Ligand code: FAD
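Below, in C-alpha cells: the form predicted on its own, a single chain.
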Amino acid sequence: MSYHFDTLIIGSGIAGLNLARKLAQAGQSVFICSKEAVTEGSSKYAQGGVAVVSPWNPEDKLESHIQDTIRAGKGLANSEVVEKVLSSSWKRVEEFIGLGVDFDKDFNLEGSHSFKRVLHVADATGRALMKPLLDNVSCNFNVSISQGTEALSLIKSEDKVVGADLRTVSGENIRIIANNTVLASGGFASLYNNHTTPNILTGDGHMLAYDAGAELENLEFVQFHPTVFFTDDKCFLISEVVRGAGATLKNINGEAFMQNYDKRAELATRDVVSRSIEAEMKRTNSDFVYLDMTCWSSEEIEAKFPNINHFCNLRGFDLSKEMLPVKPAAHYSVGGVKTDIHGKTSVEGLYALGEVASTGLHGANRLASNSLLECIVMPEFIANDILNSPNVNEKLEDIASNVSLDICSSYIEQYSYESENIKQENLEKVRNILSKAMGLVRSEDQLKEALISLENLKDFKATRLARLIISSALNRKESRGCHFREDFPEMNEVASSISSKQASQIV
C-alpha cells in the first residue's frame, strides 16, 4: 500500500519532532516513522543540557563557545558550520521557552567549556524538550505518526530519494512517497555491549543512507561517556554536570586521580576522562572507579539531580554518604551521514538530522551539551531549505505508477519470528566483536581480527555498518579526539575526514 506526503521523517526524537513541527505549521504534510514508541529514543533520557551563550550570562562570549567547540573537534570541526549553528542557538532556546520549557536560571559548567553556559531543566532536559514537541505534533492534523514501524529501505526515482518502504509492527509492508526524506534516526552506540542508549539505536539510518548512495564519514569517532552506573537491568548515565558542579572521581583506594592524567582533571574532554578512568582501572586492577558526591547533603543532591538521585536510591545508594561505582560506556556517534549546513546529504531528496548526521559541528569529538543544541538549531535550517525549494509544491501522487523506482537495499527481509531471532543472534555477535576491537584504545591487530570475525556473520544492516566502522578506524592511522590507536598514539596534523568510500575499500 502506498501513501503520499510532502516530507517523510524517519525517527521521532527531539530533532525529528522539531522539524515536523516547523514543516506542519507551514502547511506541509508530514509522516513520522518511529521504530518503537515515539518516547523510546535517546532524547527523553538526555540528562545533559543545551550549551548556549545567552544575554542572561554577560560574562560569556559567542567566540569563546566557538573556540571551545573547534578545540574539542581536534581540527575536524567545520568552522563555518560551528559559527552558524552557535550563532543561532539563543534564538532557538527562546523558541523553546515560548513553548513552555522552564529552564533552570543557573548555568552549569561541563567538560572543556570555558564558562558556565549549559542550560538544564534539572537533570532531565531531554524529557523537558520532548514534551512540548510531542504535544504540538500530536495535535496537528498535518502530521501522521506510525509507531513500531521500521524503515526497510529508501526508494529512488533516477537519482533522487522519493520515500521509503516501511514495515509496521503487525508485519504489514507500506510505501511512503515524499518530496523530501529526512533521516533523524539517532546513532549506533547500542552496537556495543555496554552503552547508554536504548537498544533500538543500531545505526539503521546510516545504512539506509549508505545503500541509497549517500556518503558517510568519520564513523570511527565513537564517544564514550566516562561516568556510567552499571546495574543488573541497565546502564545508567550520570550526567557530566555532576562533575562540573564539583563531584570527584576516585579509584578503588579512595584516591582522586584525574589530576595525574590531565590538568583539567574532572573537566577534561570526555575522551580524556574516559581513557584516564580505563587506565586507572587497569592500574588498580579494578572493574570500576568511584564518583564521589558526598560533598553535598541528601537535600542538595535531590535539588540538583532529582532524576539521578531517585534512580540510585531505588538501587540502595545514598549518594550523600557513599560513592557510586562508575565506568565508561559507548554513548554518542560523532560521525555519520555527511551533510551540509542545510542538512542535505550527497543524494538529492535526502536530508539527515541529529546524531545520524555528520554536519561538521562536532569534528573528531563532541563538546558536552552541543548535541541537544544541534537538535534544536538544525531543524530550522532544514525547514527553511525545504520550504524555499523550487519543488516545494510538487505532487508525487503518480510517481509510483509513472516512474521506475529503485529499492535502495541489497536485501529486503521477509518478516518472520525466525528471521527476527537470527537478526538478534547476529546483533549480539556484532556487539561482542565491536566492543572488543573498537573500545577506548584500538590497534591494527584487533581491528583486522574483528573484520575477519564479521565475515562469518549474516549480512544484516548491523554487520555491514560494523565493517564500515572498523574499516574507518583502520584507515585513521593516528590518534585524534574519540579515536585512539595505541600503535599510532600521535595526531597527524594533515589527516582529514575519512569517508565511507575510503572505508569500503578495506571492507
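Note that the coordinates shown come from a computational prediction; the quantities given were computed from them, not determined experimentally. Note that residue numbering begins at 1 and tracks the sequence as displayed.
There is another form of this protein, the form predicted in complex with this ligand, and it is not shown here; the text below is about that form.
field: Interface residue in the predicted bound form among Ile469, Ala462, Cys33, Cys482, criterion: non-hydrogen atom within 4.5 angstroms of this ligand
entry: The option sitting close enough to the partner is Cys33.
message: Which residue, Ser274, Asn78, Ser89, Thr196, is the contact with this ligand in the predicted bound form, using a 4.5 Å heavy atom cutoff?
response: Of the candidates Ser274, Asn78, Ser89, Thr196, Thr196 is the one lying within 4.5 Å of this ligand in the predicted bound form.
field: Contact at Val52, Val85 and Gly336 by this ligand in the predicted bound form, all three, heavy atom at most 4.5 Å
entry: No: none of Val52, Val85 and Gly336 comes within 4.5 Å of this ligand in the predicted bound form.
query: Since the chain is shown here on its own, which stretch among 350-358, 293-301, 134-142, 210-218 would lie within 4.5 Å of this ligand in the predicted bound form, judged by heavy atoms?
result: In the other structure, the partner sits against 350-358.
- prompt: Can you check whether Ala184 is within 4.5 Å of this ligand in the predicted bound form, heavy atom basis?
  reply: It does: once this ligand is placed as it appears in the predicted bound form, Ala184 has a heavy atom within 4.5 Å of it.
- prompt: Counting only non-hydrogen atoms and a 4.5 angstroms cut-off, does Trp56 reach this ligand in the predicted bound form?
  reply: Contact with this ligand, no.
message: Residue-level contact is defined here as any heavy atom of the residue lying within 4.5 Å of this ligand in the predicted bound form; does Ala46 satisfy this criterion?
response: So Ala46 counts as contacting this ligand.
- request: Please run the contact check for Arg117 against this ligand in the predicted bound form: heavy atoms, 4.5 angstroms, yes or no?
  value: Arg117 lies outside the contact set for this ligand.
task: Could you list which residues of 131-161 come within 4.5 Å of this ligand in the predicted bound form, counting heavy atoms only?
output: Sequence-ordered list: Thr149, Glu150, Ala151.
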